[in-house]
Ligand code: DQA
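Take a look at this single chain, the form predicted on its own, given in structure tokens.
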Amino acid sequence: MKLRVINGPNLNMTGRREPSVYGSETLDDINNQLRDFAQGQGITLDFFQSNSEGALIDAVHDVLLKGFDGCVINAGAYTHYSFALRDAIAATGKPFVEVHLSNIHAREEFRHTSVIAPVCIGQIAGLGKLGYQLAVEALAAYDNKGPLEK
């Protein structure tokens, strides 16, 4: 199984930006730990991060165009208003799991709505870096058994 992991704006600052909210580990630390976990499961990961909406849309398109089986996405603030990113996810026809390090539902009101959630198979928020691992596990289960029961 081959999955893409996409991180959006400001996630490159993880470990430096508001550690009380996002933790003290860097995105590279999180990616390296996730890669080790995935390899143990026979899963190959490809990591992508950008602060640019257009680059993120291209990375989402590549989930289909480069033959990935699915995608873990932390779209950052684009989660809440990027209909272009939402449409790109829907266009791939591939399973996506939305991840957030913080609990977006316990934060500012504008963070409570995700425009990408309706085109993802699930959302994991508030579990820190563990959310990425759970998303990989969910995509592996989805791939092995078809759509998860609703």
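When you see a residue number, it is the position in the sequence shown, counting from 1. What you see is a predicted model, and the numbers here were worked out from it, not measured in a lab.
Here the subject shifts to the form predicted in complex with the ligand, a form of this protein not shown in this document.
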Stretch in contact in the predicted bound form with the ligand, which is absent here, among 96-104, 23-31, 83-91, 41-49 (heavy atoms within 4.5 Å): 96-104
Heavy atom of Leu11 within 4.5 Å of the ligand in the predicted bound form: yes
Distance check, Arg17 to the ligand in the predicted bound form, heavy atom within 4.5 Å: yes
The ligand in the predicted bound form - contacting residues of 53-75, heavy atom within 4.5 Å: Asn74
